[in-house]
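The chain that follows stands alone, in the form predicted alone, written as structure tokens.
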């Protein structure tokens, strides 16, 4: 129940919804052109940074930790976003319909991860080094199995994310075909694939979205597993942690929720979509992000307690490398931003039931996510490659600061993510037209005694 005097709800007239949302893809102006040009120029920095780092650092593996951290950060901040649409779809929760398209669009930018992975492949050590197989999850696999499966996993995630976005957009392409002109009409005609809204077509569409959603979830967990193990844990001798991959996945879902909140806030405020993205979405997203913050500390503590009480040489080395060593202050700030501050901030109903409260919390969470990935990946890559066959880490590397090339790669990667999102928003409405229509058909606001709530139909 939503206890507020005024209840916000999207327009119920299908013609109004169709016109407003489709027209939003045509809006631009000098401000948008300036932003796009700036993002294009900034996106080029990713190539400049990679080329400069290859030339300057050469084959020095210890200098590539920040690039691996950037890859893990973008994977975590974007890969988990579609789960905001997938989980409510499974639960038949209608509140997520206005932001489902936003979640799918964020998940489709995984192509950026593939670009960053290219130089990482060059520096990732093979399984057999100096005639000896190093410790990893690939026990008797071919020599370059991590290179192959990590790349294949990222490609599968990108393809699945784009397929999920396309499948969920077919009805809107049909609307574009029927209500637009010029190039948009041609695009809509090609991509709608003859969709006219028959019962059979809707049934197949729901089945296709359900299958792709399930596949995306499994691929997402698989990618987090192999990336976290191959690009961090297996780089450190003696680091054995069965919970770490799930911690990596859970914090990635937390980052995905935060990204959806931030983009929803931007789309609502600057896209003039106040009638569609309402307090209902931010209220629900705030609760989800609060829950994921609690899950963050649960998975972290479940792994940490084993090393803390184990006190073996390998356990002590893990603590010195990632917790109380050169990255101690990064760890403290990461924990503050990933758990303590979001937990304290989002525990208040007044904060969660607002537009700016979850938005501020989401920014803090993404800062914590970035620092947490730096804490995990930079020390792992900084370990001396000559020690990779030791039973445990005997030499803790000193703290490594980012150079100009690392900063360029980070700025270029973030700019490319936003550039892809803006490009997709010029083709597709950031809020699904058919999702709003079904929201109005299945759910209606109403008053129950002194409180306001939503009556939800469950036709299936």
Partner chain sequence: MQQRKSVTQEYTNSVLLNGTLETPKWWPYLVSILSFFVLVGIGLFFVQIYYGLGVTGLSRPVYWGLYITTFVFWVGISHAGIMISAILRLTQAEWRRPVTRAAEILTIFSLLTALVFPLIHAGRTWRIIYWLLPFDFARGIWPNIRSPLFMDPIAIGTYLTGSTLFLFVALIPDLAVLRDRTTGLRKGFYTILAMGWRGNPRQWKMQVVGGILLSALMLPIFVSVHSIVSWDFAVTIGVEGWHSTIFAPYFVIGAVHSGVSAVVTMMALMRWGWGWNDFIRPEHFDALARLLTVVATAWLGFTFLELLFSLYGLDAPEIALREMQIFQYPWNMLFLLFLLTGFIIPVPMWLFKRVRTNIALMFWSSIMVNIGMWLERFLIIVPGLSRKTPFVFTWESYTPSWFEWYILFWSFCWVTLLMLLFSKVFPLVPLFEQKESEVFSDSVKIGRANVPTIFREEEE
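Note that this is a predicted model, so its numbers are computed, not measured. Numbering follows the first chain given and starts at 1. Only the largest set of C-alpha atoms that superpose within 1.5 Å between the two forms is called the rigid core.
Heads up, the form predicted together with the partner chain isn't pictured, but that's what we're talking about next.
The stretch that touches the partner chain in the predicted complex, counting heavy atoms within 4.5 Å, is 237-245, out of 70-78, 171-179, 237-245, 205-213. The candidate spot formed by 53, 62 and 184 is out of contact with the partner chain in the predicted complex: none of the three has a heavy atom within 4.5 Å. Mapping the unseen interface onto this chain, residue 229 counts among the residues with a heavy atom inside 4.5 Å of the partner chain in the predicted complex. Interface membership of residue 302, defined by any non-hydrogen atom within 4.5 Å of the partner chain in the predicted complex, is confirmed.
Although the partner is absent here, residue 136 sits close enough that one of its heavy atoms falls within 4.5 Å of the partner chain in the predicted complex. Contact check for residue 348: every heavy atom lies farther than 4.5 Å from the partner chain in the predicted complex. Listed residues 371, 127, 233, 263 were compared with the partner chain in the predicted complex; 233 is the one with a heavy atom within 4.5 Å.
Though the partner chain is absent from this view, in the predicted complex it lies within 4.5 Å of a heavy atom of just one residue from 355, 195, 149, 307, which is 307. Looking at 429-449, the residues that come within 4.5 Å of the partner chain in the predicted complex, counting any heavy atom, are 441, 442, 446, 447, 448. If you fit the rigid core between the shown form and the other one, you'll see the Cα of residue 15 move by less than 2 angstroms. In this overlay on the rigid core, residue 444 has a C-alpha that sits less than 2 Å away from its partner position between the shown form and the other one.
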